[in-house]
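Single chain ahead, written as structure tokens, the form predicted alone.
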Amino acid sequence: MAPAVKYGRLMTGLRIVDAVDRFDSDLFVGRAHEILAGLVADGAALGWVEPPSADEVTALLAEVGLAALAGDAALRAAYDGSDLVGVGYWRRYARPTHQPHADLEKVAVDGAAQGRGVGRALTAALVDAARERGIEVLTLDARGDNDRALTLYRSLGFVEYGRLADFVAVGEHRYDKVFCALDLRGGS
């Protein structure tokens, strides 16, 4: 639970912590819900069309937290001082033939904290956790119009390996689904 100095300190007091011991904390889950629901309400590409309910976020974090306790996921939280400003996680693939690999499923930064290095620090910490757990390839998918996220992922070494045109449906709008991967087998 060291400070995020190696990830960059654009935000005063920014620290990234392993949140596996917080996934069932009402305070943590409540603030994570606020962040996720607020981002989705503002049109963020996080997998929901409508803002998730508190129960949905509680269930999601419990599932990820339990997987993290079993070594099959990593859950990280970004704090500015004592304020939770971001959450992110990856989960190992369940298929036996895919278990050396994991999928970065969500990286969410409160709107007020965006553009200050939180997403980069959070994603870098998740990549480090994947390396530490022996993950060989870390994958992700992003909505094609999410230029900020795609730029961030590319800057951290993720490479686009595919795209499904007009795959993501949000009401009447359609967006590409972009697939990216970071190969960790080279030890880089």
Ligand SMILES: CC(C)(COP(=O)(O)OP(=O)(O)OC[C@H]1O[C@@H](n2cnc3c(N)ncnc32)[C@H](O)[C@@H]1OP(=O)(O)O)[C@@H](O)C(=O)NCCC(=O)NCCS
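All of these numbers come straight from a predicted model, not from anything done at the bench. So that there is no doubt, residue numbering starts at 1 and follows the sequence shown.
Another form, the form predicted together with the named molecule, is not on view; read the next lines as being about it.
Checked against the named molecule in the predicted complex, the residues Ala124, Ala149, Val137, Val57 give one hit for a heavy atom within 4.5 Å, which is Ala149.
Listed residues Ala74, Ala108, Ala102, Ala77 were compared with the named molecule in the predicted complex; Ala108 is the one with a heavy atom within 4.5 Å. Per the 4.5 Å heavy atom criterion, the named molecule in the predicted complex is contacted by stretch 152 to 160, the sole one of 26 to 34, 126 to 134, 58 to 66, 152 to 160. Gly119 belongs to the set of residues with a heavy atom inside 4.5 Å of the named molecule in the predicted complex. Contact between Gly81 and the named molecule in the predicted complex is not found at the 4.5 Å heavy atom cutoff.
Contacts between 39 to 60 and the named molecule, taken as any heavy atom within 4.5 Å in the predicted complex, involve Leu39, Ala44, Ala45, Leu46.
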